[in-house]
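Consider the single chain below, provided in structure tokens and representing the form predicted on its own.
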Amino acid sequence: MKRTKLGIIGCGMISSTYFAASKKFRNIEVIACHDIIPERAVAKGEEFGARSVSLDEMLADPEIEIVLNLTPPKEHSKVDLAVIGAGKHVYSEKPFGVDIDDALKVITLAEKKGVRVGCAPDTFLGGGLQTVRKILDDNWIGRPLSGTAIVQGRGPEKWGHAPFFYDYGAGPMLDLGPYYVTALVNLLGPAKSVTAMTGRGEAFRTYGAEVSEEYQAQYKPYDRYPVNVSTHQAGVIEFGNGVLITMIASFDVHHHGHAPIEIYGTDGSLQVPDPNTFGGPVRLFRKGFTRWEDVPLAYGCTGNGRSIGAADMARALENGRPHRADGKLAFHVLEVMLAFDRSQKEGRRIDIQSTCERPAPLPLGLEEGDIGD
């Protein structure tokens, strides 16, 4: 089996997860890493057995076919363009960009250069959401009609790098929304429109004490920091097949009791697991049932599988098929998410201009570490 060589740009908090998870997949290998803070790249390289290199060295290395872009959201498009310009395939952390224009530049240049673009989240390839996909495809709840997608909490307001999450390019929708909207597109197909209202609960958040030694070394304490994004976004996503999903993404809620995602059909209902995870539980209610019933997961990859999207891209390159966590899917998801604030600003329903293919489901019976053909 071919082992496609990968490089990582950005050795911050999320990189350890990618380094570790990538070792689960037999067809990929991370061989080099780079960070704007060289010492951080050296440390990650030593920990996970990769070379620490400069950006120019990585982009010039003929052995590296795919670059994982794990930089902050504001840098995603810029780094993607540099990698594509060097003729390499790129797989980015979410979101695909922080505005439509920069994201479109990435798609356009990739098509011109003939390289592939991928983007997280790839949690929809986990055992939980793939099981839900099969339940829907096999018509267990009949024709889907409506549903809810709710991600609410107080937000990471006391983290050492909390201001990052309350600034342009983040907020609850761009930070957590990608998991939910990507899962919904995988389950239901592309969206058609968004009608929403958004707000900001507080103008400032207060720094707290929930800071690890690692963050204390990187971020300076402060008493208050500004909230520069909407922190509560609520609306309805209309999908092309007519399904209406009520979605709420909020950093203004201390506690709630809603399931992450529920889908209601003509013959039953589904409770979908947290799309920020790879596993379950999956719960089903059908006509004649008296309560929710747990559904055994029909697929593997139920632990932390971040990198499965990159592994799937590598196998797709080898076999000449489309990869599942692709740039057009991520671009479509970005447009849907940005439409919430746009709907509030313009006071109207926003028609979604982009579309994408519904990703192909994974085959049954895959062994751990395999992505199929």
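Residue positions are given as counts along the sequence shown, with the first one as 1. This one's a predicted model, so the numbers in the text were calculated from it and none came from an experiment.
Omitted from view is the form predicted together with a small molecule, to which the following refers.
K.L.:
If we define contact as a non-hydrogen atom of the residue within 4.5 angstroms of the partner, is residue 72 a contact of the small molecule in the model of the complex?
P.N.:
Because a heavy atom of residue 72 falls inside 4.5 Å of the small molecule in the model of the complex, the answer is yes.
K.L.:
I'd like to know whether residue 13 contacts the small molecule in the model of the complex, with contact meaning heavy atoms within 4.5 angstroms.
P.N.:
Residue 13: yes, in contact with the small molecule in the model of the complex.
K.L.:
Answer with yes or no whether residue 248 is in contact with the small molecule in the model of the complex, where contact means some heavy atom within 4.5 Å.
P.N.:
Output for residue 248 is no: heavy atoms all beyond 4.5 Å of the small molecule.
K.L.:
Can residue 42 be called a contact residue for the small molecule in the model of the complex at 4.5 Å between heavy atoms?
P.N.:
Judged by the heavy-atom cut-off of 4.5 Å, residue 42 is well away from the small molecule in the model of the complex.
K.L.:
Please identify, from 28 to 36, 45 to 53, 60 to 68, 331 to 339, the stretch that has a heavy atom within 4.5 Å of the small molecule in the model of the complex.
P.N.:
Careful reading of the contacts points to 28 to 36.
K.L.:
State yes only if every one of 78, 94 and 179 has a non-hydrogen atom within 4.5 Å of the small molecule in the model of the complex; otherwise state no.
P.N.:
Yes, each of 78, 94 and 179 comes within 4.5 Å of the small molecule in the model of the complex.
K.L.:
Work out which of 175, 157, 262, 274 lies within 4.5 Å of the small molecule in the model of the complex, going by heavy atoms.
P.N.:
Here the answer is residue option 175.
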